[in-house]
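Only one chain is included here, represented as structure tokens and corresponding to the form predicted on its own.
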């Protein structure tokens, strides 16, 4: 007679097995697997080392660090970090009143704390609170920065620099996501007119460059508004960004909705759930979780797209750099503007790399 035994206690967790091959050997196999690969790897390493040495010499050894004008940066052999240091206010907050600048620091600090919380969350945690935070933060920031009531009013056009980039990115993300989700659901509607209108909007926005949409918002949109209604340039730019990226988000959401098996929807209907309850409890949680990495990629694209705001006269971070280089105090050697562009590239690299690493983390956990 065979006796079957069922364990009534969980098995203790085992330590993950150690790598069979040490990392130096794995690195050697990856870079020097063959003579041709070895030659290419050595060439690339030599070019990288040469570029790093030249950049270190330009950015550190020969750099100029202090000064309030172009006279502090003679010649073009070294970076002019004095230009970056002296222009900190326009680059960070634009023309925001100095007496109210504490509100801007509050926004920066709140976003830093929020991002630390997002990064430190377990990868398997529900993405809902994070998405809700990205929706509520720009609303809170705009109310705090613009003011009104007990706070003194500050015109939105006075917001600039990195603060403007942060606010436009968050505001675009907060408005484009709900609009994109509604459009994605509309493209799956049973009503042919709704499907056609949503499809026309998506295909129309995807076929037009963002720069053209910004020009339309900056020049043509005021002509179609009723007399007496004036929408400032900042709001029009946010609307253009939101509509353009809503079309991109709609396609991302549509892909996530199509990934949900038809059997789950039929099973939910079988147990008595309504269509709305099935969508809210079964379809959307899985679809949104599947597309969170793609939504982070859209946010990275929005961060880089904000540089186009300088073309229509909105003083974003790129516009602040270019305006500063054209000011009378800093008209001089070409390395002044070059130093600003390098600082700008490093700032965007840090932001986008952080977002991409978070997106990669979400991909590995899904």
Partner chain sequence: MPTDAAAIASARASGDAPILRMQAINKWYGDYHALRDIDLVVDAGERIVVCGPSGSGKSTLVRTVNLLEPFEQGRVQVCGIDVAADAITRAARLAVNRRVGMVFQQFNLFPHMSVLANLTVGPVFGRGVRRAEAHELAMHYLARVGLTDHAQKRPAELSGGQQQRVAIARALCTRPQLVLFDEPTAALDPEMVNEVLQTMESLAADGMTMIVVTHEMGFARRVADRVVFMDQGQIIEIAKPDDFFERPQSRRLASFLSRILTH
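None of these values were measured; they are calculated from a predicted model. Numbering follows the first chain given and starts at 1.
There is another form of the same protein, the form predicted in complex with the partner chain; it is not shown, and what comes next is about it.
In the model of the complex, every residue of the candidate spot (262, 269 and 274) has a heavy atom lying within 4.5 Å of the partner chain. The listed set 296, 288, 198, 282 contains one residue whose heavy atoms approach the partner chain in the model of the complex to within 4.5 Å, identified as 282. Not displayed here, the partner chain is kept clear of residue 230 by more than 4.5 Å at the level of heavy atoms in the model of the complex.
You can rule out all but one of 99-107, 80-88, 274-282, 149-157: in the model of the complex, only 274-282 has residues with a heavy atom within 4.5 Å of the partner chain. Residues are counted as partner-facing when one of their heavy atoms sits within 4.5 Å of the partner chain in the model of the complex; in 170-208 only 190 qualifies.
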